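Just one chain is shown here, as structure tokens, and it is the form predicted on its own.
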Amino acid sequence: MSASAADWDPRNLPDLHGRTYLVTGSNAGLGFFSSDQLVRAGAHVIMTGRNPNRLAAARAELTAGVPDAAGTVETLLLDTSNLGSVRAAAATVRQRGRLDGLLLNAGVVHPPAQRQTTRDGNELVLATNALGHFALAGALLSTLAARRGRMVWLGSMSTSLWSYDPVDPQLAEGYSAWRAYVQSKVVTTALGLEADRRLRESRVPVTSVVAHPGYSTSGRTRGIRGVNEPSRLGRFADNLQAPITQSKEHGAWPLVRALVDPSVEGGQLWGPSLVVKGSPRQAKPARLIRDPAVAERVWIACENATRLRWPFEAARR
């Protein structure tokens, strides 16, 4: 089934029975609502998160709202800031077999005021938002290739507003919370586009796409116990911004379309039609991110930070 921008209905997805998707950071926010939409369309979803209690609560809420979903949703502990956790989770998924898509969603949205590093020695925001996903996608490349699958990286509209060239991706100098967030999204988007170029060049049957949710806020999103519980003040403040914001449910639309729509092509960026809100449509990456030299530099930096080279040759076989 193929769908144009005009006839794609995010509330009525194609039948996804028989397909398996892994969603990182699926115990809350965009990850939860993406998982919910995939399950409602019949997909088998592997929900991942780093907190077992929150992950179990999110699964319980999701399956309670979707009839007969209990057998189609499983959970897996995964902390994208921890490369050991990434390797363990990837090994588990490889043992379980089929995988049609990866939604690389997990991330730090509100970075710490002061620079922090992980146990692997990487800057926390970069590690969580980009490096862990780079390692996970590489570790699962052959599994995805066996199903001619797709990976979707979570970008941000902020990358079109602030041009932070990641010459120092670890932000050893000049750290600020905002720069850490935006720069991690520059890295993530560059990785998603460069991954597709390398996959094509290596003739690996996997596509790589980037999607962003616009300006999606918790205060515009329905309350779900343990998943989305904004304070009264937070909901009031978010509702004041209603003309330029949308819910997390709607923010998940571009992510899900990028993951499951057969008409979406590798190397594309998808986001809301009005940038901050709206139905999903194809968008254009910032000029900095389209620079091949930047993409090459980012890719090498991530290889070095994760000590991982993607197995292109093995995945092609």
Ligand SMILES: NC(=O)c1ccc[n+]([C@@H]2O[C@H](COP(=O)([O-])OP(=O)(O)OC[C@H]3O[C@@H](n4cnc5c(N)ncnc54)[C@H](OP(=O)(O)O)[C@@H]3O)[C@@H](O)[C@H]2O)c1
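Every value quoted in this text rests on a predicted model; they were computed, and no experiment measured them. Residue numbers run from 1 along the displayed sequence.
What follows is about the form predicted in complex with the named molecule, which we do not show.
Would residue 50 count as a contact of the named molecule in the model of the complex, using a 4.5 angstroms cut-off between non-hydrogen atoms? Residue-level check for residue 50: yes, a contact with the named molecule.
State yes or no: in the model of the complex, is some non-hydrogen atom of residue 215 no more than 4.5 angstroms from a non-hydrogen atom of the named molecule? So residue 215 counts as contacting the named molecule.
Quick check on residue 81: any heavy atom within 4.5 Å of the named molecule in the model of the complex? Yes - in the model of the complex, heavy atoms of residue 81 and the named molecule come within 4.5 Å of each other.
Answer with yes or no whether residue 272 is in contact with the named molecule in the model of the complex, where contact means some heavy atom within 4.5 Å. Taking the distances in the model of the complex, the answer for residue 272 is no, it never comes within 4.5 Å of the named molecule.
Select from the listed residues 189, 105, 183, 208 the one whose heavy atoms reach within 4.5 Å of the named molecule in the model of the complex. The option sitting close enough to the partner is 105.
Option touching the named molecule, based on a heavy atom within 4.5 Å in the model of the complex, out of 248, 59, 277, 44: For this set of options, the contacting one is 248.
Specify the contacting stretch among 92-100, 67-75, 192-200, 151-159, defined as having any heavy atom within 4.5 Å of the named molecule in the model of the complex. Selected range: 151-159.
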